[in-house]
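Given as structure tokens, the chain that follows is alone and in the form predicted on its own.
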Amino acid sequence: MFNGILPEIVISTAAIFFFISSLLDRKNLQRWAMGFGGVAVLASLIGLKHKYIFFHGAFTVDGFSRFFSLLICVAYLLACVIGGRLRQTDDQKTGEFYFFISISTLGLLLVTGATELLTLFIGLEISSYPLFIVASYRKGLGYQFESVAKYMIFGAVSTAFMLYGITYLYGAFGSTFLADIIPAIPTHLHDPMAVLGVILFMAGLLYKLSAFPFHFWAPDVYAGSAAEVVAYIAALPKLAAVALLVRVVSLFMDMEGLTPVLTILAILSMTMGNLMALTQTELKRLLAYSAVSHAGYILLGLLAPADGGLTASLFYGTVYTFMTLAAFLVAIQVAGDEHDIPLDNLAGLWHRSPVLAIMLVITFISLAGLPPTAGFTGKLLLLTAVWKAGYFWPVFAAVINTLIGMFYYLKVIKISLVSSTDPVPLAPPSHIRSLALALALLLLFLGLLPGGVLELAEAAIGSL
């Protein structure tokens, strides 16, 4: 039975270890973090085929939860490697940093396996509160506290909406267990209380996904927090949000009025994110607005559950995680110890570090959705599914937004390759160069041969 929850056990052990390390004021904990991350990935692979039910049906280990636990553990490992020696984080808080991100990861693992609404809510809170704390760990400056305040306020508001949603759903269905709710859904398709409950419940997920209209915290938190913290915030919580959207919200998509709401939110998220990104001159802010637009693409997949939209959303969520971590690998390397990352920091990257420049080009081509990268394949799968389902206007909006997005993605590539500057040597460690090369090849591989991940995603959807 414990084979099924091995990732949770490993991450819990890591949290305890880093808590004790913080009490002993130990430094140089990155190797330990990478070690725990590697073991967690192995544990996820061992538990991939297991299926168990815990806590009277509130937490389920199945193909779906183990698919996301594998992704989360891989992203945890990559975030620990990419974070490096935490240059922008206060040295005195190294142990606390790894402790809090381990606790947050444990909460995300709980979310992906939760099949009861209050358990879902508790998992989301466990994953959120540690991030409120580590977002303030940036040394120097001072406006990181303003960004943390916005992060907490938006988090509190979305939490309130989500709790209201759960109470409405309980009022409509008489239970908070998905096993009890699913059979009763056909008789509540026109129930205003149930529809309102689902919409309010979605608020908490849209906040995690940085989707419109719960995206306003993202640019300030991305800009105000340490780059290594943002790499974590930008990648891992979105995996849990995708898991929740697919596991819970997709069940209710036949309800009256829900599809138009989701369609509008997806289009506005894509459009707002891309338009705001056009004017950005700081890399982390640009990636924040990029995240808002990509949240819209992920939402599109929910419109076509019967035409492969859910599998496409899972694939795109997976690809987006790797693209984000790859982008932040470069961001962390070109960042100073205490400063923001203006796009000018990328000037002459080709001369300073060809490996990082190549990876940045492939990553931003993938973010733009151009072939032969994974971003192109992901968008193609999403738009094909939505088109088959008969939603032509969302597809048209997605194509227009893809064209808008190309402008700022290609601008970043131009700065890194063409802009003239006095080349300042940039010598990332050998393991970072190797990881950069591996991520670049992965984005190309998933673009050309997505079959393996698609099979895993289809199996995960099939286990629901």
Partner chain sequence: MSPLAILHPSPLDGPYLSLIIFLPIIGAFLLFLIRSDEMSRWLALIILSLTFLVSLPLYSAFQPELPGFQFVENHVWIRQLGLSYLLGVDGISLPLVLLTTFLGPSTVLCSWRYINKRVREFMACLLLTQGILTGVFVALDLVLFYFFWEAMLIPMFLIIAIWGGPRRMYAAIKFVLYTLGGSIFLLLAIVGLYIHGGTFSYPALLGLDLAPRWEFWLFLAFLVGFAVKIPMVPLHTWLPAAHVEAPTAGSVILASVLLKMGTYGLLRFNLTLTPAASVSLAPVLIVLSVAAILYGGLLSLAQQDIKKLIAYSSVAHMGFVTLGIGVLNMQGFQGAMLQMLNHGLTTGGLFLLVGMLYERTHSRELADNAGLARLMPGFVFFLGLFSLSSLAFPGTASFVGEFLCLSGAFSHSLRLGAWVIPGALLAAAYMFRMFIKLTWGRGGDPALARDIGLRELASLLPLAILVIVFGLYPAPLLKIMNPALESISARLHGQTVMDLSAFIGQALPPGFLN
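Positions refer to the first chain, counted from 1. The structure presented is a predicted model; accordingly, all values stated were derived computationally and were not measured.
Absent from the display: the form predicted in complex with its partner chain. The rest refers to it.
- Residues of just one listed stretch (224 to 232, 390 to 398, 118 to 126, 283 to 291) have heavy atoms within 4.5 Å of its partner chain in the predicted complex: 390 to 398.
- Scanning Leu370, Ala149, Val81, Val355 against its partner chain in the predicted complex with a 4.5 Å heavy atom cut-off leaves one residue, Leu370.
- When its partner chain is considered in the predicted complex, only one residue from Ile413, Leu45, Val39, Ile53 comes within 4.5 Å through any heavy atom, namely Ile413.
- Contact here is defined as any heavy atom lying within 4.5 Å of its partner chain in the predicted complex, and by that definition each of Trp350, Leu383 and Leu448 is a contact residue.
- Interface membership of Val424, defined by any non-hydrogen atom within 4.5 Å of its partner chain in the predicted complex, is ruled out.
- Shown alone here, Leu302 lies farther than 4.5 Å from its partner chain in the predicted complex, counting heavy atoms only.
- In the predicted complex, at least one heavy atom of Phe376 sits within 4.5 Å of its partner chain.
- In the predicted complex, Asp25 stays away from its partner chain, with no heavy atom inside 4.5 Å.
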